[in-house]
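The chain below stands alone and is given in C-alpha cells; this is the form predicted on its own.
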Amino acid sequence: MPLELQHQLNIKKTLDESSKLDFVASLRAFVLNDMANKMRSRYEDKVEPTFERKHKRKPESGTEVHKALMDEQYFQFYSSMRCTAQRMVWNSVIDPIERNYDSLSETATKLIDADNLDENQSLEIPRNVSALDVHLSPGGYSKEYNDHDITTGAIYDNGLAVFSFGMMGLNLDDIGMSMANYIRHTFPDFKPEKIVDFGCTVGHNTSALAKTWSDAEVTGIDVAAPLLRYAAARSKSQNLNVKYSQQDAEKTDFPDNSVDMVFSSMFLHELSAKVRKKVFKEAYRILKPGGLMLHMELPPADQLGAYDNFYLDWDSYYNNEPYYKGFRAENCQANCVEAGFAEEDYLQFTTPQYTYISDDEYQQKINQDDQDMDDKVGRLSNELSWYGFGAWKNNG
C-alpha cells in the first residue's frame, strides 16, 4: 500500500485510488532501480566500448555519455518510461485531492493562524517558479485555483509520498533529519537558536529542523503561497512550532547577523546562476558570526565519473530542471567564498539516512572513514546517502 501521510491533512482514498498510487510508486521504483541498472549495463557492455573504439578513449563527461546513448533503444525506452512515470505521480494524486478538497481546505484553514503564516500578496513570483512546471508537475508550485488555495501544497506532499516509493521516511523528512543530525553529532556544541529554511515548499525538512533543535525559532520561507499555507497547516497538525513566511531568498527581511543557521534542500539547482549568487550572499548577510549555511544537493560534477554525471543530469534534459546541470558544473566552495565565507570554513559531507536506523547506529556510520562520494549519492535506491555542503561564517 502507498505511504499514508502522518498528519491531519492526510486524505481518504478509495480502494481504486490506493491501488493506483501503489502501482505508480512501484513503477517508479522499477524504472529507477531495475531499468536504471539495466541501462548502465547496456552502456558498459555496448555503448562505451563502441565509443572507445571510435575515439580511442572512454567518454570523459556526462555530456559525452548522453550523446553516445542517444541512439541506444534502451535509453530511449528508459527515458520515455521515466517521464511517463513522473507525470503519473502527479496525475495519480489529483483525483483524490479534488474529491476531498473541501474537507481538506477546511482542515487547513482551522490549523493556520497569524502566528505561523505570513503571506505577502505583493511579492512578485520569480519566472523560474511561475512559468515553469518544474518536475513536470501540472501548474508548477505557485498556481492558485481559488482564494487561500492549498492545491499545489497537497499535490506536492501526496505526490512526494508516491514519488519516493518509501525511500524518504514515514514523514517524508529523511533529508532534513539526516542533514540536521549529521550537524548535531559532528558539531555537538552548535545549538542554533534561530534557523531559516530557504525554499521550504511544504515544510518537510523545516519540520525536521524543528524536531532536531526543539528550542530553536524555525522559519521556512518560499515564494509560493499555496505551498506555505499547506506547510503551516501541516506543521501545526504535528504540534511543531514553525513559522512560514512568503519571501524570496534573494532578498529576505531578516536583519544582518540575526540567524544562526540557513538551510536549504534541493533548492539551489532550481535557480539561475545569477540568482544563486544572490542567495549565497543573502545567507552570509543574515548569518551571525559563527553561524552555519548548509545546503543539501546532489554532488558537483567534478566529484563524480562521466556516467554518474550523465545519470544525475538526466533531469536537466527531460524533467523540466533547466538550471540543474549548470549548478552541478559549478564549484560549491568557490560560490561560498565569493559570497564572503572563508575558504577554510567550507565543509562538505555525505550522510546515511537517519530515519531508518537508531541514533546510535547513525553516529557509528558517520564516524566511519568510508563516507566517500559514490553512485548512490542522491539516488532513490535501496542504499542511499545524501550530499551536503556549506560554510561557517567566521567571527572575524
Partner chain sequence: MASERGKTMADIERKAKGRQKAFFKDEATDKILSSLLVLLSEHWTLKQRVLTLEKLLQSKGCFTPDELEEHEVDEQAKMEFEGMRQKLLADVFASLEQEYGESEIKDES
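Residue numbers count along the first chain shown, from 1. Fair warning: this is a prediction, and the values are worked out from it, not measured in the lab.
Heads up, the form predicted in complex with the partner chain isn't pictured, but that's what we're talking about next.
> Any of the heavy atoms of residue 300 lying within 4.5 Å of the partner chain in the model of the complex?
Output for residue 300 is no: heavy atoms all beyond 4.5 Å of the partner chain.
> Verify the contact flag for residue 332: yes if a non-hydrogen atom of it lies within 4.5 Å of a non-hydrogen atom of the partner chain in the model of the complex, no if not.
Residue 332: no, not in contact with the partner chain in the model of the complex.
> Is there any non-hydrogen atom of residue 87 lying within 4.5 Å of the partner chain in the model of the complex?
The answer is yes: residue 87 has a heavy atom within 4.5 Å of the partner chain.
> Tell me, yes or no, whether residue 170 is in contact with the partner chain in the model of the complex, where a contact means a heavy atom of each within 4.5 Å.
Close contact is absent here: in the model of the complex, residue 170 is far from the partner chain, nothing within 4.5 Å, heavy atoms only.
> If you check 246, 137, 265, 181 against the partner chain in the model of the complex, which one has a heavy atom within 4.5 Å?
Answer to the contact question: 137.
> Tell me, which of 238, 186, 164, 79 has a heavy atom within 4.5 angstroms of the partner chain in the model of the complex?
The residue from 238, 186, 164, 79 that makes the contact is 79.
> Based on heavy atom distances of 4.5 Å or less, which listed stretch (187-195, 278-286, 116-124, 138-146) is in contact with the partner chain in the model of the complex?
Of the options given, it is 138-146.
> In the model of the complex, does every one of 345, 348 and 393 come within 4.5 Å of the partner chain, counting any heavy atom?
Not a single listed residue reaches the partner chain in the model of the complex, so no.
> Who in 91-108 is close to the partner chain in the model of the complex, meaning a heavy atom within 4.5 Å?
Going through 91-108 in order - heavy atoms within 4.5 Å of the partner chain in the model of the complex - the hits are 91, 94, 95, 97, 98, 99, 101, 102.
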